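In the form predicted on its own, a lone chain appears below as structure tokens.
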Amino acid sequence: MENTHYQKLTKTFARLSRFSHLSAIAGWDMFAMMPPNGSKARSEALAEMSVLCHQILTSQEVARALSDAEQEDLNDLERANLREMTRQYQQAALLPESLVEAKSLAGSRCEHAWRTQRPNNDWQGFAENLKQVVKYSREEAALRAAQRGGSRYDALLDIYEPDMTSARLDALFGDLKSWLPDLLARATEKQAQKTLIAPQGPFPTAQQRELGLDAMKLLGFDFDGGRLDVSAHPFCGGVPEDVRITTRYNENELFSALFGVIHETGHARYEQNLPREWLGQPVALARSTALHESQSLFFEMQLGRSEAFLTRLLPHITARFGNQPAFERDNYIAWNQRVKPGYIRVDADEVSYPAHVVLRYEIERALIEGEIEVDDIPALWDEKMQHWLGLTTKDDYRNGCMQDIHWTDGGFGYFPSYTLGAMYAAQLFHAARRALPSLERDIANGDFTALFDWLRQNIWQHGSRFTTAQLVINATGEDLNPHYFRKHLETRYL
């Protein structure tokens, strides 16, 4: 007898996957293409779609089939798929439809207004919308925590990073806090002895776009299954068969958009290489947000800012923008390995980046747990920025607590993924280097075949077949170990 309950579930989840395909493309369009007056109608359409998917996923029929399928004779892969289906069902079944819809609408409203409020430094206007989003996120967190036990923040963290807890984050980030400030100070001091020449613009957007496409080609992006566009906040969206990445350009600054593209290309390559034969099933999805960020940071930081890769990229830069003193090899490499504490997370160097993440983690956790309110955010942000990076954001909301898109739609619990991702990336790069003795030379020659094959075999092709811990142990021989991140930073910057 065929596994009838399991087979029925695969059909339902394939259907859900097609709906989420449409939502993903409509969402990408909302950020990258849609004229401003389309916002209200689009928000309502996307909210309707999220309610429809919620209804299908949380039906009695799915609940029964999940419990019946447990008794069926499934192989390892099917068993993993059933585990992921059950997880999706449990995540959704906790939430009433009204909350799903209200949260989706509040998020769209807050994000859309944020686009104009941020440039205008309008914290009051933004805070009004954010309070609604926080209200629904707290409701969601309380429902999830009541069901699964643990804290409210942990319940949201689990959406993005299964099995991760704030207790474990506190240990990982506590370790980081013990050595990062000193490393940051030493790296800054060491670099202060050298005067660097800044690249002289303007750098026309059209040429910057071409340079970004050069980098994507170099990194193996499949242009028959994806594209590059512009948005207010860089992101990677779409679906594995049609990946949409975006960046933003500033004609006075060359490297911000370029490394933004390299970062998003890391996300895109992961998506483009997820297991095609299981597409449409939960087991074919990327494992977690930290693993997703590990791929983007693997590309942007481990690979992208390495001397070998920067050297490889240089001829493309001079071909597009001509020669200038800033592009002399040693100056150009030093410029792209600068450690300079700044206000903006997405432009931060990899040494000061974790400070931006820990700050957001501490604020969003307190916010969800009800220890602080939205009105407390600016002062806390300023205090933590001064403590970590010696910078004040007083009254500068635009470059402080209004700079990110994540909280606008209730993405609380996502930020830790960036630093977990940096830790995973360092560990993965270390393992790849061990497995591929000629790696540095290959990179300098622009040959990434072996490296990408290694990533495909160890990470990309497995989708969600294994838990995060198992996947990392299989790839590197041990569970997450922050030692590799520290060692990487010390080697590159000290």
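Every value quoted in this text rests on a predicted model; they were computed, and no experiment measured them. Residues carry their position along the shown sequence, with the first being 1.
One more form of this protein should be noted, the form predicted in complex with a further copy of the same chain, which is absent from this view; the next part is about it.
In the predicted bound form, a further copy of the same chain lies within 4.5 Å of some heavy atom of residue 46. Although the partner is absent here, residue 68 is not a contact residue: none of its heavy atoms lies within 4.5 angstroms of a further copy of the same chain in the predicted bound form.
Using a 4.5 angstroms threshold between heavy atoms, residue 225 counts as touching a further copy of the same chain in the predicted bound form. Mapping the unseen interface onto this chain, residue 42 counts among the residues with a heavy atom inside 4.5 Å of a further copy of the same chain in the predicted bound form. Looking at a further copy of the same chain in the predicted bound form, residues 432, 459 and 462 place no heavy atom within 4.5 Å of it. Contact annotation: of the candidates 55, 449, 445, 60, the single residue with a non-hydrogen atom within 4.5 angstroms of a further copy of the same chain in the predicted bound form is 55. Comment: a further copy of the same chain is not present in this chain, but in the predicted bound form one of 376, 307, 241, 251 has a heavy atom within 4.5 Å of it, namely 241.
Stretch 22-30 is the answer when you ask which of 22-30, 464-472, 60-68, 435-443 has residues with heavy atoms within 4.5 Å of a further copy of the same chain in the predicted bound form.
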